[in-house]
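In the form predicted on its own, a lone chain appears below as structure tokens.
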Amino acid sequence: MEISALQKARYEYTPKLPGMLRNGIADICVKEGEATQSVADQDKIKALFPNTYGEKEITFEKGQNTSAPKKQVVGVILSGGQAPGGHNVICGLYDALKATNKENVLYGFKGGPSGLINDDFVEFDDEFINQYRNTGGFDIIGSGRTKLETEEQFAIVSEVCKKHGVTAVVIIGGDDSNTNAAVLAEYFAAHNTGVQVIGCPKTIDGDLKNEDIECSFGFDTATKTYSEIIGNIERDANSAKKYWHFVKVMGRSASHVALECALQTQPSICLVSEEVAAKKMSLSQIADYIADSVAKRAAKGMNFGVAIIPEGVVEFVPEFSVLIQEINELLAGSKAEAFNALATWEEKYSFIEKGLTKESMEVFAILPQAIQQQLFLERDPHGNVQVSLIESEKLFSALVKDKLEARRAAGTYNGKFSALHHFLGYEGRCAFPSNFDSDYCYSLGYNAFMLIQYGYNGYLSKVSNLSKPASEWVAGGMPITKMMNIERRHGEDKPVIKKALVELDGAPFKYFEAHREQWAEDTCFVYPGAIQYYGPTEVCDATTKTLALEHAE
């Protein structure tokens, strides 16, 4: 297989470990902290996890290793969507495992959690692992979205582990995957299998975050990748001076990605879904907010700009959320078949008009026809609208165009408005990891093995103090149950890891809020350029703006 010059060079990069993990396996000891409790619903979570709840947080320090020596056979899976650095988690896990005992074994189960169920795996060796060091993607073993949540699945996984003498399983994933890790850990403990489960925090969306997880891995690389592209678009806008670019960025419900990209590139506009919800903004109000920037810039002779739109923003518009709920109800059960049988859009529109309330129909009527039709595209497995398929960047540019035409008719606007549209998502999920993510992920994997070696179960590999140089990072672990609360999922109470949305009183948003008025009216674009791997530390090892602002001294 042909590989690029950069990939060859990245093979040679040695990731930086936290200081206390640099002394060799024999000189790493454990410092135990306080017992923990879940973030909410303590009694319910405790009842669901009687064998793994309330365990202590731990920190690794320099000192005599007191773990009991034993051969470890570890299985690892990649779960959910890709995030830059996943390969390095596996490399760090492998290196720590082999440094402890050459006889230790690491199995990679293929295709995500289903690999554990199907007993489909590869045994790693040096030659295999070395092909994936410091590279992007999850192609080392693939990923998947199968959920491990039934007793039958747990029993199968338990038998697979027993068959191969597996002593621990490392699950690299996001909030749902780590919830599954906690449930599997509880099953293993309740059935005295002797198998441990350790989780690692992954998601480019940035919403797997709390007082213990400062940053999920992949967020740094993905946002830097998107910011490079947005910066390039800004420079093009500033060069051509005739287009408004509407850029939708991936990130599920939360706006962490959009906000970080705005902090890096200083666009004319960035919507923050959480603010839209807090202010109960309507589609019309959002369109007016963007149109105000277009008009002010046009008055200065600048008929161009850049607007960043978070992927999930329409979910946070109250009137749109109600519309979505009504559409879900409108097409529930057999009614969907009747709707799909209609031959023309006019017939379907009439069907919709009869089924929606007057208020929701008014919202539906102002949407461009292409967006109206997107609301009735392929449903998710539960029959609901797939909000991520809605081209909200096109929705808002169309609404803004209507607002500007109304202003032109009223004589309050005489500029030119031409919109171009972009969606940034998959471009960032498998990029070569930044030095930060290479180091962070390698540390998470190395640290995960230390948790295994010391016998912990149902813990998350935790590396903190991330805004400082890697030598000052702190490695340890925390019980996954500490992050949990109870939420209604498909009509049932389920234990889940609480998602973190953008905090409107947090330092990153406050900084954005203090500067956005100037960005909206003047051209304050910043061009971050490509991720750099070699050169000055302030260029190559810089963390995200979000992390720097949250931990500014």
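Being a predicted model, the structure only gives us computed values, none of them experimental. Note that residue numbering begins at 1 and tracks the sequence as displayed.
We do not show the form predicted together with a further copy of the same chain, though everything after this point is about it.
Undergrad: Could you tell me if A552 has a non-hydrogen atom within 4.5 Å of a further copy of the same chain in the predicted complex?
TA: It does not: once a further copy of the same chain is placed as it appears in the predicted complex, A552 has no heavy atom within 4.5 Å of it.
Undergrad: Look up in the predicted complex whether N340 has a non-hydrogen atom within 4.5 angstroms of a further copy of the same chain, and give yes or no.
TA: The answer is no: N340 has no heavy atom within 4.5 Å of a further copy of the same chain.
Undergrad: For F436, is any heavy atom within 4.5 Å of a further copy of the same chain in the predicted complex, or not?
TA: Flag for F436 set to no.
Undergrad: Would you check, heavy atoms only and a 4.5 Å threshold, whether K545 touches a further copy of the same chain in the predicted complex?
TA: Close contact exists here: in the predicted complex, K545 approaches a further copy of the same chain to within 4.5 Å, heavy atoms only.
Undergrad: Taking a further copy of the same chain in the predicted complex, would A5, E427 and F432 all count as contacting it (heavy atom within 4.5 Å)?
TA: Verified in the predicted complex; spot residues all in contact, yes.
Undergrad: In the predicted complex, which of 386-394, 190-198, 252-260, 90-98 comes within 4.5 Å of a further copy of the same chain (heavy atoms)?
TA: Of the options, only 386-394 has residues within 4.5 Å of the partner.
Undergrad: Considering a further copy of the same chain in the predicted complex, which of H164, K279, K335, R145 comes within 4.5 Å of it through any heavy atom?
TA: Selected residue: R145.
Undergrad: Consider the chain as shown here, without its partner, and state which of D402, E149, D236, D119 has a heavy atom within 4.5 Å of a further copy of the same chain in the predicted complex.
TA: Of the candidates D402, E149, D236, D119, D236 is the one lying within 4.5 Å of a further copy of the same chain in the predicted complex.
Undergrad: Quick one: which residues from 456-484 get a non-hydrogen atom within 4.5 Å of a further copy of the same chain in the predicted complex?
TA: Nothing in the stretch sits within 4.5 Å of the partner.
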